[in-house]
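Single chain ahead, by itself, as structure tokens, in the form predicted alone.
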Amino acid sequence: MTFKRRVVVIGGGMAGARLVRRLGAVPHLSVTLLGEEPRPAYNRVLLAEVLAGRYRPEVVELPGPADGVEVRRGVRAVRIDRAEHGGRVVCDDGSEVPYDTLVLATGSNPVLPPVRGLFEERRSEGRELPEGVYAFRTMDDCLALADAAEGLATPRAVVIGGGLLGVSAARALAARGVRTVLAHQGEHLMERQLDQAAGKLLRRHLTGLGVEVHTKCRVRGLTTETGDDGRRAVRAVTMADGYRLDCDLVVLACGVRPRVGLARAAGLVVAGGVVVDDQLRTSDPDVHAVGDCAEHAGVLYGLAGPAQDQADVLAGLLAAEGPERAERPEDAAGAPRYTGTRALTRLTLAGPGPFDLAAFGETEPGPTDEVVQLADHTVGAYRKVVVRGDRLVGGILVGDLSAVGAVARSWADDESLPVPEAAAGAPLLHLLTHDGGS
């Protein structure tokens, strides 16, 4: 009987689903996927399109795993028992799944802001969000929010958080006809990716879609009302300056935090996320981590692109190892390595005039960096690149993205910038022209 190495993947999101699709056809592996969500894997990037009513949930489902992969959905891993070689995963249904190689693809949890009235302690139920308050992280969150908005005659919503997720949620709610307010604590929207000029254009576009935007404001608390059934329902959001926003719905879009509880309890090294090396190995060589929960070279990505890159590298590593998993030297010739991902943020907002933006790398220049900016606020266009020496280190493109391909490639490849003859008098300007995007 041929021995098959048992690979168990905890997490059925985008990273876990991609990994098992690539491992299912490897003959010397027996692959099991443990997914906490009961539904098939889906493209989390497109949740806002589902909320807006543009896509049905099944449209954003990802391709299923290969034949032969055991998929257990609606099962939560509660403990990892590690042994010298392999171990077992204990699940909430009492089952135990042995492994030779374990992969953590546990993703991340939404950050819940410390505002008054968000939780009410109950002895029997623990912390419980009021009716009308939703995180925006899973398909269940998305569908529950859509159903709640559909069930109200004149729904009013407050989205707390003006990052990428909050902007997407606010736009989607407005597309459903919900009167929407976006409250953001930062100086401008999406301040992690955009500068002030680009943030201003984004705000103008959202306002044109009917979203009321407040920046530089902090939410102090929620006002709730207890119904006859004993359930609390949100009625208003109160700002730190006392300003009250009446509402029926509240969306919490305050960022995410890696899910590392299982790893920490199992004794693995955890910093911001589960620490992994270039082979995506944790401090236990039999345990790997990919996706939002993984921290590589001090970086937590929290984006779909890096998660997919990590899954691809790990699939190559596990497929290359033999069924007995002989020790492989770290410098083995041809062994796949994960060396990081240069992740580009893209956002498209539908509307009377579609709004497109792309941001990448270091968008704020250092003291010796060169900056080139082109802006046309009459049409909502803005382009900016930051150059250090002969390298492109970051950029923001808003509006017409015809140049995004060439600019992104120059940054992703980290190569010396080509300077065409036509740009001899302005060696950086060609990066932001239409010719630079051809």
Ligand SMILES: Cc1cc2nc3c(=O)[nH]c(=O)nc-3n(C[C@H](O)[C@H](O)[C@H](O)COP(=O)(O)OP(=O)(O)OC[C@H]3O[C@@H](n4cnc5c(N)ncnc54)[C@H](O)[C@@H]3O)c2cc1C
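Don't overthink the numbering: it's just position in the shown sequence, from 1. Worth saying up front: this structure is predicted, and the values here are computed from it rather than measured.
As for the form predicted together with the named molecule, it is not shown, yet the points below apply to it.
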item	value
4.5 Å heavy atom contact with the named molecule in the predicted bound form for all of A15, A77 and A304	yes
Contact segment among 367 to 375, 408 to 416, 28 to 36, 393 to 401, judged by heavy atoms lying within 4.5 Å of the named molecule in the predicted bound form	28 to 36
4.5 Å heavy atom contact, V45 and the named molecule in the predicted bound form	yes
Residue contact check: F136 to the named molecule in the predicted bound form, 4.5 Å heavy atom	yes
Residue contact check: T180 to the named molecule in the predicted bound form, 4.5 Å heavy atom	no
Non-hydrogen atom contact V20 with the named molecule in the predicted bound form at 4.5 angstroms	no
Contact assignment for the named molecule in the predicted bound form, among G161, G199, G273, G107, heavy atom within 4.5 Å	G107
Sole residue of R203, R88, R346, R176 within 4.5 Å of the named molecule in the predicted bound form, by heavy atom	R346
